[in-house]
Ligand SMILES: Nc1ncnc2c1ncn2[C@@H]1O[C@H](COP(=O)(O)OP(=O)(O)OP(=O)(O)O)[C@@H](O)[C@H]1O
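Encoded as structure tokens, the following chain is the form predicted alone, with no partner shown.
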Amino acid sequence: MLITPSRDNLNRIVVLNPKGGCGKSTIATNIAACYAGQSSVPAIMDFDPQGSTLAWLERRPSNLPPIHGIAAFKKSMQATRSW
């Protein structure tokens, strides 16, 4: 389980659009990678049943800064408890 210290300066960036194929996952993964490169440990929640963001995280080299992935599309208590 990921435990983060209490911080008041946490950012939440939401990328949404009802249209498929418009680049939501691409922009979300790029934003997360940018924050990871700045010594933060970002979390990215994938609500798309395709799970393309989590597939990207699995393929991402392990020597890069970490990004925490949450499979929000599973809609189970385990998905939110891990956060």
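Predicted model only: the values in this text are computed from it and were never measured. Each residue number is its position in the shown sequence, starting from 1.
Absent from the display: the form predicted together with the ligand. The rest refers to it.
Taking Leu64, Ile13, Cys22, Leu10 one by one, only a single residue has any non-hydrogen atom within 4.5 Å of the ligand in the predicted bound form, and it is Cys22. Interface membership of Gln50, defined by any non-hydrogen atom within 4.5 Å of the ligand in the predicted bound form, is confirmed. Looking at Thr26, you'd find a heavy atom of it within 4.5 angstroms of the ligand in the predicted bound form.
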